[in-house]
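One chain comes next, on its own, written out as structure tokens in the form predicted on its own.
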Amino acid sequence: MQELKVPDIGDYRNIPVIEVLVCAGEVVAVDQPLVTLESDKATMDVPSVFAGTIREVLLKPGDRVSHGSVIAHLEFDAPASNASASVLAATHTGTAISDAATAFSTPARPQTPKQRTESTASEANAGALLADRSEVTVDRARAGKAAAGPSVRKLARELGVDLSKVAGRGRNARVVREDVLAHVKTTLSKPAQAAAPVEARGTQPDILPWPQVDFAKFGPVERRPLSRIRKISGANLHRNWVMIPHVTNFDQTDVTELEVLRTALNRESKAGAAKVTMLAFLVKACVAALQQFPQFNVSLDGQELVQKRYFHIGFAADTPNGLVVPVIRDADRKGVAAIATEMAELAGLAREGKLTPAQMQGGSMSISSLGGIGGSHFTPIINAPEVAILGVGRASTQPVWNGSAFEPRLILPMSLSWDHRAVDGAEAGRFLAWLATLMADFRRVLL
């Protein structure tokens, strides 16, 4: 039995172990990495100086070691007569350990172009040699995880590769750089549908599976399928909530005078004409706010912002099968009455299920109103690819101090959800404050 120890690593003490590359019962060869250590400057694989079978591993990730710390107990497989050969192999390895320790204690220096070319050529030659070997199946139960060095793990993280799915063809089924690159090439060459799950793992959070419950054992149940609208909107809402960094600002505005105007307009309207709603005023006010703050009238397209020069406002319409969002186009060119009429027509088509896809696309921003149902503030989900959505609750009469006494005022709660990738908090605060000012004194919309 022989102790495998940490070699001289310079003046470093209490170096953390970030990876254990062997386990009990494993046969190791001379120079095979046993553990990976990490300092504040570099990482280092500690190789074995003997060949044999690991009988006990004394370290685990997170342990701290210094020069002379015992890594594992190893039993020689070779006869005693060959022990001297193992010792000679260990002596031969001493230089490699010393060189590794030097690299461990010295920060890596930038390579010259010539050095980078030579390094690339060496990696290519190594990859060619590995490709000639028969593929080795990785025993995941043995190691508990893929055997790979820190640089390979970093490359896998950057490329979104799950190392447990990569077959290693290095020594002892160790995953090397060429294995990761080959795995990516193979995945990209597959049809898009087959590659989708891999892409999803790179963009979705690592969450627990949905609970499987037999609801019938708790009492009577009835199953019915989701409506087509809920299936489509549910998938879109989930994507938007997960992919967009939502932030919601809350405010309220005094719409007492605006409600007086709205009531008067409806009283004077002709029989059969569409009623002017508070939502129609909100659409017009949102147009004015977008003109004042054009950074909200954008969409993200990769690493670019698409600035829109049109003003199309979507509104959430309630239907028996779920919410849909028709879009009022060129709202900046229409008056409040015309907007109210078009809104009534689109809502009717939505309830009948006759909206076309073109009537639900191209919005600058959307409005979700619960005024007819109830409630105050809420957090609406952004309707991608827009970057903002306004949520409106039910207006209520509240006592407001006018400087000398309390007087009843009609207060409208508002919630603005915005995409933090395209908008910052100061801009959102100014946008919502300006919108509240417009609703409190609608004459400003004409300016």
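In case it trips you up, residue 1 is the first one in the sequence shown, and so on. No experiment lies behind these values; they were computed from the predicted model shown.
Heads up, the form predicted in complex with oxidized coenzyme A isn't pictured, but that's what we're talking about next.
Here is the short version: of Pro294, Gly372, Gly335, Gly353, the single residue with a heavy atom within 4.5 Å of oxidized coenzyme A in the predicted complex is Gly372. The partner is absent here; in the predicted complex, the one residue of Glu342, Asp318, Glu257, Asp251 having a heavy atom within 4.5 Å of oxidized coenzyme A is Asp318. Contact annotation: Lys275 falls within 4.5 Å of oxidized coenzyme A in the predicted complex, judged by heavy atom distances. At a distance threshold of 4.5 angstroms between non-hydrogen atoms, His312 is out of contact with oxidized coenzyme A in the predicted complex. For Gly393, a non-hydrogen atom is located within 4.5 Å of oxidized coenzyme A in the predicted complex, even though that partner is not displayed. Put simply, Ala347 is close to oxidized coenzyme A in the predicted complex: some heavy atom of it is within 4.5 Å. With oxidized coenzyme A left out of view, the stretch that reaches within 4.5 Å of it through heavy atoms in the predicted complex is, among 372 to 380, 301 to 309, 179 to 187, 285 to 293, 372 to 380. Along 257 to 271, one residue reaches a heavy atom to within 4.5 Å of oxidized coenzyme A in the predicted complex: Arg262.
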